[in-house]
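Presented as structure tokens, the chain that follows is alone, the form predicted alone.
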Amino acid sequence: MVKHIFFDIDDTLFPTSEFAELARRKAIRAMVEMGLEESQEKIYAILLKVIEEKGPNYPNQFDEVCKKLKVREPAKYVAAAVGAYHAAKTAIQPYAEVPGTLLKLRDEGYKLYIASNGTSVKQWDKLILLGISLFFEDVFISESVGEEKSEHFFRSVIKRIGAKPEECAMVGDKPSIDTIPAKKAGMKTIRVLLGKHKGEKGKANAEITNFAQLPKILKKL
């Protein structure tokens, strides 16, 4: 019987890709409004290349964009971009069904946790901005755990909460880091078919297209 539920954050609890694009485009617009003489589409293409090269958690993305554009005095453009990016972030919201479903699961006696890759401050920032941080008993981020999500990662966090693998379920959108390694660790797995990874192949014990389906699915596992 499942007693403990682990959740990914990005494209599981909120539409990350949607808000990431919105924030990036607002940042680029701010750079152009500050006087950067390049088209927004060109800057956006360069930003995406930087993200591909350095990873989405690279902290100096806009500095790198200015470097690639050979901007002589980048400080004001970087400052404008960072300010606009963070202002846009305050608008992020969870999928509409998430808060009510988390409340229902907690009221039914499930213990809820986060299991996510990324930097601790950045992932905590998302949970706080989304207004859902207090639903969770504990939050396990790869930076603080010391490794990215894998079979060993899941075995480690299961041990930390004092549970058995068969008592735990992992809910996530990306098979390679969510459902596949969790299943190898002996957990039940639920695939969220939302976001940019919804077309990827990967077996799970169950699949959902709406977060509100989760309580019924859990009872069947």
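The structure displayed is predicted, hence computed values, not measured ones. By rigid core we mean the largest C-alpha set that fits within 1.5 Å across both forms. All residue numbers refer to positions in the sequence shown, first residue = 1.
Below: the form predicted together with a further copy of the same chain, not depicted.
S.K.: Does a further copy of the same chain, in the predicted complex, lie within 4.5 angstroms of each residue among L105, E108 and K216, using heavy atoms as the measure?
M.R.: No, because L105, E108 and K216 lack any heavy atom that approaches a further copy of the same chain to within 4.5 Å in the predicted complex.
S.K.: Taking a further copy of the same chain as it sits in the predicted complex, is L130 in contact with it (heavy atom to heavy atom, 4.5 Å or less)?
M.R.: Heavy-atom contact with a further copy of the same chain at 4.5 Å: absent for L130.
S.K.: So in the predicted complex, does any heavy atom of Y95 sit within 4.5 Å of a further copy of the same chain?
M.R.: Y95: no, not in contact with a further copy of the same chain in the predicted complex.
S.K.: Determine whether any heavy atom of V78 comes within 4.5 Å of a heavy atom of a further copy of the same chain in the predicted complex, and answer yes or no.
M.R.: Yes.
S.K.: Determine whether any heavy atom of D125 comes within 4.5 Å of a heavy atom of a further copy of the same chain in the predicted complex, and answer yes or no.
M.R.: Yes, D125 lies within 4.5 Å of a further copy of the same chain in the predicted complex.
S.K.: Of 95 to 103, 79 to 87, 110 to 118, 146 to 154, which is the one stretch near a further copy of the same chain in the predicted complex, taking non-hydrogen atoms within 4.5 angstroms as near?
M.R.: That would be 79 to 87.
S.K.: Heavy atom within 4.5 Å of a further copy of the same chain in the predicted complex: which of E53, E166, E41, E33 fits that? Just give me the one.
M.R.: Among E53, E166, E41, E33, a heavy atom within 4.5 Å of a further copy of the same chain in the predicted complex occurs only for E33.
S.K.: For Y77, is the C-alpha shift between the shown form and the other one 2 Å or more after core superposition?
M.R.: Yes, its C-alpha moves 2 Å or more.
S.K.: On a rigid core superposition, would A185 pass a 2 Å threshold for CA movement between the shown form and the other one?
M.R.: No.
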